[in-house]
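One chain comes next, on its own, written as structure tokens: the form predicted on its own.
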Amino acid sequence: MLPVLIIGAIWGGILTLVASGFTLTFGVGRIFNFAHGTFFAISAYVSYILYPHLGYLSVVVGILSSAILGLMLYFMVKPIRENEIMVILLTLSLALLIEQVILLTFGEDPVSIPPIFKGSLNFFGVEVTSTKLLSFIVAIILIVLLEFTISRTRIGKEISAVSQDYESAMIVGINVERVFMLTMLISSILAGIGGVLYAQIYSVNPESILEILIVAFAIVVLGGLGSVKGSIVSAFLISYIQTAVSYFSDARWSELASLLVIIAVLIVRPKGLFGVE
């Protein structure tokens, strides 16, 4: 079980970054951002393009590109935010458009970023590359910072207030639009970091845009819509299920197994693990 615990924790950390951003966007703006996977892929592809010229600085530029895309999406969604169907159509169309642009530019072949650190470490007989260990550490630090920001800082309390009742938040003087924009920015940065971490361990391709979106959406639904804590718990739960099935059986069954668990949990608890009515 030790390899499952270690590999599952690494994959769970990356999933948490992506899913937490998706949760923030929905929890605050009530926006189902179906372009969320583009943040994940854009950061990886930009880093891949610029790596021969900028080296590891390309990773920073890649994350910045996802942040810029997040701000652009905020201004695109702002005029139609009250119309949920239009938001879904717009964000999904953007995701499909960017997927096609990447496909035409790079083809179907997956790409990866050279790892920042070489070598590996041995944990009780399990070889873990330095890149995987770095990804896990970065993910945990960012998760702790996000939780601290939401629960302890002024902007975090404003985010919580807007997520509960944005009209009341406006009445007490909170700049709701600033909060909306900030959450979209944080969401895109978290997904962008997840993308560059993933591309150093595995690889990304045009289909990653929708694949990571589906996984993030499933995690958010399982954890409870709008619950950051629920996203964290369910991300690691899904990660361990997929890792265990892949390790002891066949990787082709991992996604099916996780979806069956999600369905079973939602039948018993329709609002998710930590969701509210």
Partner chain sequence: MRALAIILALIPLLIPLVAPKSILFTIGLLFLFVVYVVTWDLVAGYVGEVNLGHVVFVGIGAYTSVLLTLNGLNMWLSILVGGMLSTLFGLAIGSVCLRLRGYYLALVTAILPLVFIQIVNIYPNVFGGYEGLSVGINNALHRTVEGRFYISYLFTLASLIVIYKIVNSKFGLRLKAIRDDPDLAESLGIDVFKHKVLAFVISAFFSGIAGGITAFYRLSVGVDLFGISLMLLIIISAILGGLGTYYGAIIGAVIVYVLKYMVLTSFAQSLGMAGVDDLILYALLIVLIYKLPKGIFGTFYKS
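Each form is matched to the other, and the largest set of C-alpha atoms that superpose within 1.5 Å is called the rigid core. Residue numbers count along the first chain shown, from 1. Note that this is a predicted model, so its numbers are computed, not measured.
The same protein also has a form predicted in complex with its partner chain, omitted here; what follows describes it.
P79 versus its partner chain, in the predicted complex: is there a non-hydrogen atom within 4.5 Å?
Contact check for P79: yes, within 4.5 Å of its partner chain in the predicted complex.
Does its partner chain come within 4.5 Å of any heavy atom of R252 in the predicted complex?
Taking the distances in the predicted complex, the answer for R252 is yes, it comes within 4.5 Å of its partner chain.
Would you please decide whether I171 lies within 4.5 angstroms of its partner chain in the predicted complex, comparing each non-hydrogen atom pair?
Close contact is absent here: in the predicted complex, I171 is far from its partner chain, nothing within 4.5 Å, heavy atoms only.
Could you confirm whether A67 comes within 4.5 Å of its partner chain in the predicted complex, counting heavy atoms only?
Close contact is absent here: in the predicted complex, A67 is far from its partner chain, nothing within 4.5 Å, heavy atoms only.
So which of I137, L145, L71, L96 gets a non-hydrogen atom within 4.5 Å of its partner chain in the predicted complex?
None of the others qualify; the residue that does is L96.
Between I49, V61, V233, L225, only one gets a heavy atom within 4.5 angstroms of its partner chain in the predicted complex; which residue is that?
Answer to the contact question: L225.
If the criterion is a non-hydrogen atom within 4.5 angstroms, does every one of I155, L237 and Y240 touch its partner chain in the predicted complex?
No, the candidate spot makes no contact with its partner chain.
Quick one: find which of 146 to 154, 162 to 170, 182 to 190, 85 to 93 has residues within 4.5 Å of its partner chain in the predicted complex by heavy atom distance.
Only one stretch passes the 4.5 Å heavy-atom test: 85 to 93.
Need the contact residues for 24 to 52: heavy atom within 4.5 Å of its partner chain in the predicted complex, sequence order, or none if there are none.
Residues within 4.5 Å: F26, F32.
Do you see a C-alpha shift of 2 Å or more at A35 between the shown form and the other one, with the core held fixed?
No.
So the CA-CA distance for S234 and G27 moves by at least 3 angstroms in the predicted complex. Closer or farther than here?
Their C-alpha distance shrinks by at least 3 Å in the predicted complex.
Do the C-alpha atoms of G29 and I143 sit closer or farther apart in the predicted complex than they do here, given a shift of 3 Å or more?
Relative to the shown form, the pair is closer.
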